[in-house]
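Below, in structure tokens: the form predicted on its own, a single chain.
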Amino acid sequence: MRHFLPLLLLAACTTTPAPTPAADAGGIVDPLSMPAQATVDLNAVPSAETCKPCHPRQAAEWSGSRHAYSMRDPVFQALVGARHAAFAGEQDKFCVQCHSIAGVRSLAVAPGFEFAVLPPVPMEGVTCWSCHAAASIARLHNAGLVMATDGAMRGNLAQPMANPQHGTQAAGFLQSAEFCGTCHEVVELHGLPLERPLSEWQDSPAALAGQSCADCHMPKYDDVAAVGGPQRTGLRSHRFVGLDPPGAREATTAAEQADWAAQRDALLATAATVTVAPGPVKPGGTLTVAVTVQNKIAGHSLPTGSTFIRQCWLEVRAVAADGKVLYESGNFDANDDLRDRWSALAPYGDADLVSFSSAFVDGKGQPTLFPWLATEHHRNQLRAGEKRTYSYFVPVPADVTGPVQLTARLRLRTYPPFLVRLLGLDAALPTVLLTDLATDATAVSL
């Protein structure tokens, strides 16, 4: 796993040293989420397989989710490997503190660990126990949950039924935005905010309306919560549908994957709008094009989460009637990379590129890929409900054949291909998901 890391570190184009966190022989320590002594008995953590006989629907939904894939995602594993190389293993637990609470708090995950030899339960990632054994919220970032040791499972049912398998307790906070924020809000060890979906939600129309993350990402349905139990209303889907494709495809049927795709498409269909408004032009002049984009998501910015490795941008094209391309921005180089700072073939080759992703800068003002080297996090996301207009200037030759077709697309990609290649994961390139969130087009007569 480590052989490509020198190349990856070189690609960061910086050697700025990161601040040294508190550490001992077991690596970095956080009394709550990365304890020096085990606070969880791994033998007492149930596997998701033990939940499946009584909760088959929830188990099936979870098994294809990104939560179930959180420790097996090769991109995640490679990024953990990069951090390992940078700190000789001392910070190996930082990312995993959320991706496998059981693994880190039981000390199964230790400095220098290898994913391939971890016990099965830590490799289940964000498993049933990770959420349903949470006793309370201690902080709103970096695995801020207090885990119960009483063996009871908690849920949002006001009157859970007693059963011979485990104790039950009502815990309405499990469907709160704050609960999700305990892991999805991430702060670097030296204090730099990395992922901020909870902070974005707190300042959003959704928060004002009393809507939480679960209202979109865990839609409600009516069914039994457990085999043999009563019919319930307001149960939550455990697919955790978002941008990313299903995690463990081998754990899901074709029908389940199709259902996930339909839910994802429905979720993203109203995420944004794009409109194209051209000005007047004559052959031999310059056509001014105003492109307006709006984030229609009520609960968070666009994009959100790991915005430093997400790609969200505007593609704008002008094409003459004879097919001649008059103008392009937001298009790819021959490696399918945007022509930005990280393009190997055309670095900084797209002067008009409008990106809504974020970027790290180190202490010398140089761009870097890695959060532990960053001293600044520059964001250009669209806040919930925000609308912006950008102007593009298209040269129109005197001999152009009209009309000129203008198109604009707001595009979103899970990972940039250059990063996947740098991580030595070329085989994963076909899984990089590209989505057009919104499109508009118009023709300009000459």
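Numbers for residues come from their place in the sequence shown, where the first is 1. Since the model is a prediction, treat every value here as computed from it, not as a measurement.
The same protein also has a form predicted together with a small molecule, omitted here; what follows describes it.
Asker: Check, residue by residue, if 275, 356 and 379 all come within 4.5 Å of the small molecule in the predicted bound form, counting heavy atoms only.
Answerer: Per the other structure, none of 275, 356 and 379 touch the small molecule.
Asker: Choose one stretch from 323 to 331, 286 to 294, 359 to 367, 91 to 99: the one whose residues place a heavy atom within 4.5 angstroms of the small molecule in the predicted bound form.
Answerer: So the stretch in question is 91 to 99.
Asker: Hey, in the predicted bound form, does residue 350 get a heavy atom within 4.5 angstroms of the small molecule?
Answerer: No, no contact at 4.5 Å.
Asker: At the 4.5 Å heavy atom threshold, is residue 84 in contact with the small molecule in the predicted bound form?
Answerer: Taking the distances in the predicted bound form, the answer for residue 84 is no, it never comes within 4.5 Å of the small molecule.
Asker: Does any heavy atom of residue 407 come within 4.5 Å of a heavy atom of the small molecule in the predicted bound form?
Answerer: Close contact is absent here: in the predicted bound form, residue 407 is far from the small molecule, nothing within 4.5 Å, heavy atoms only.
Asker: Is residue 50 near the small molecule? Define near as a heavy atom within 4.5 Å, in the predicted bound form.
Answerer: Contact check for residue 50: yes, within 4.5 Å of the small molecule in the predicted bound form.
Asker: Quick one: of 314, 108, 128, 281, which gets a non-hydrogen atom within 4.5 angstroms of the small molecule in the predicted bound form?
Answerer: Contact residue from the list: 128.
Asker: Let me know the one among 241, 318, 374, 121 whose heavy atoms come within 4.5 Å of the small molecule in the predicted bound form, would you?
Answerer: Of 241, 318, 374, 121, the residue with a heavy atom within 4.5 Å of the small molecule in the predicted bound form is 241.
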